Every structure is written in structure tokens, then in C-alpha cells.
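So this first bit is one chain, no partners, the form predicted alone, shown in C-alpha cells.
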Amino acid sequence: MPTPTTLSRRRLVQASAACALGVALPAKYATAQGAEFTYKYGNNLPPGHPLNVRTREMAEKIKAETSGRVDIQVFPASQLGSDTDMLSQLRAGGIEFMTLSGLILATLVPQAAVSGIGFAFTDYSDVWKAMDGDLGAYIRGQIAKSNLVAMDRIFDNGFRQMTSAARQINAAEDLKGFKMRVPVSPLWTSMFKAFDAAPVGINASELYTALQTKVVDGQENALTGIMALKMYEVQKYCAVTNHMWDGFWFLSNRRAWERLPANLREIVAKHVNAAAMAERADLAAQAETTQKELAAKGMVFNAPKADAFRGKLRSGGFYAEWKAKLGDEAWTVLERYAGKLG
């Protein structure tokens, strides 16, 4: 009767012979030998954010369906560096995957900002028609020119809303002279300048103090961000303006992507896109719950009409400026979904 040692040696010889002949190994051998492709994926969101919950599930499903050949390691909360750092690493091949806001990706691919144009979309129905349709395809084509690969389905980063400590924001005129904190970005700055506001670029880590000490009068953020940053402690009013939508592109280094055999690329893309769809649903449900929680904490909500804001951006030259920056092709595709902007 064979001993356990004999059996172990026999399995090792069988596995070695299979490898030499190019025969696919059973999952138990692939796992024992380690992954054939170990890829790092980084993002800037907390571990508990729906994006990280879903991408961890995604990584597990990819590993299972590829019999352990592809192991995607998830690094949340900027563990691999800032967005700028990770983008540099991604382009150089230091990491293989990352998720990145289109508005930040625009530093490399200017047309990626087109989906964040102010008051382009009124609701998620418009967003997903555009981003799962021609607008998303156009942006992915522009991204490809930078030797990056973007998956077909973009993750949600939410509509942004405006908050204020002193008064409700009901119309564009209420923003005149208003000291509005914005992320350090030309798109945000030019939009609020068109409203005759006084935009101030401040990093998120300094935002709470800036509001507390009245350096700025208000800020704008997705509802989940308003809750996470405890804006309700220093801001009384929230105008549900949906003035800007943003999403996270799941990006890959092209060389790393093409190293994967076609059948493995198909499996990875399938699960990434499925994770994006699940995260969208998670975030939509969370946003509804979050508004109720913020109201319970004393925040007062109102819902201004977008038309007046759009009109002010048009007359203030915002749309003309960004049409010139992004080009006629990008603008034409955007207006196919957003309607005539400027």
C-alpha cells in the first residue's frame, strides 16, 4: 500500500509532467503553486465603502473562476499613494489596476472631464444612458490613447450637492460672493466663478476646519461625503442641486492587461463590470438612507431647479470655455444625452 510520502511524491511528479507538457493543472495545483498573475489594485476610498466591498468580492470571484491563476490584491484608502502617485505607478507598471475619478484622470486625458460638466445630467437615468452608451465609449477611446485600458462599466461616485451654514441656496443668484470650498480643480473653480461665487480650493483633510472657522461659507460634496466628513456639524442647509456627477473608471496598465491570455481577460472584465453594477445599486440605496440620516441630524434640505443654474453657466461663459477645451467631438456626444448646453 502506498505511503503518504509516496503519494505526495507521485502528485509532484504528475504536476511537473503536466507543466512540461503544457497541460492545464487542476485548481488544487494552481493554488498550491501560487498565482500565475498577481496584480495590485489601488483606490482612495475607505475599506467599508461599497466600491471596496464589491471589488474584494470581485477579486475572490476572479481567483475562483481562474482556478487561482489571477490574484488581484485590493489596496484601499490610498495605501499605495495619492491618486496622482497611483496614476504614475499605473502608467509605469508599478501597479496593474486602479480606480480613478474622471475629473482627476483629466490631468492626463482632458476629455475624461466631459462627464463632470456642471448640470449636464439631471438624474441617474441620464447618467447611465450616457456612460453605458456613446459618451462612455468615447471617453474609453480617449483613455486608450494613453496606453491605459478602461473597463466598460464605470463605478459611481455620486451626484454632488451644495451646503451652507447661514442660508438656503435656492437659485444661482444666492451664490454671488459666496465663499465656496471646491476641490483643487480647474473645472470646479471655473464653474463657481461663472456663478459669481468666490471659489476657494481646499483639500478634503482641511475642509471641516475651514468651515468651522468661517474661512469658507459652504462646500459641495456627495451626500455620502457630507455624512462621512460630518458636515452636518458645521453646515445647516443642503441644496440637492445634483450640479455635478462623477464616477470612478477602473483602469489597467495596457501591458499588464495584454499579458493576460484572452480567456482570463474575459473573466476579469466580466467580474469588474459586474462589481461596478452592484456598487451603483449600493450607492443609490445608501444615498437615500443618508439623506434621511442627515435630516435627522438637523440638516435642512431643499431642491432647487436646475434651469436657472444652467442659464447662469451659459451666460457666464462656462459652457463655451469647456467646449473649447474639450473639443467639438466630446461636446457633441455629451449633448446627445444632456441636451443643448451652450
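Quick note: we count residues from 1 along the sequence shown, nothing fancier. For clarity, a rigid core is taken as the largest C-alpha set superposing within 1.5 Å between two forms. No experiment lies behind these values; they were computed from the predicted model shown.
FYI, the form predicted together with a small molecule isn't displayed, but the following is about it.
This chain lacks the partner; the member of 243, 153, 181, 271 within 4.5 angstroms of the small molecule in the predicted bound form by a non-hydrogen atom is 181. A single residue from the set 83, 134, 126, 71 has any heavy atom within 4.5 angstroms of the small molecule in the predicted bound form; that residue is 83. In the predicted bound form, the small molecule sits within 4.5 Å of a heavy atom of residue 248. Proximity of residue 144 to the small molecule in the predicted bound form falls outside the 4.5 Å heavy atom cutoff. The small molecule in the predicted bound form is approached by residue 204, whose closest heavy atom lies within 4.5 angstroms of it. Proximity of residue 104 to the small molecule in the predicted bound form: non-hydrogen atoms within 4.5 Å are present. Only one segment in the set 167-175, 108-116, 232-240, 153-161 has residues whose heavy atoms sit within 4.5 Å of the small molecule in the predicted bound form; it is 153-161. Contact with the small molecule in the predicted bound form, defined as a heavy atom within 4.5 Å, is made by none of 122, 189 and 309. Once the rigid core is used as the reference frame, the Cα position of residue 229 differs between the shown form and the other one by 2 Å or more. Shown in the overlay between the shown form and the other one, fitted on the rigid core, is a CA shift at residue 247 smaller than 2 Å. In the core-superposed comparison between the shown form and the other one, residue 116 has its Cα shifted by less than 2 Å.
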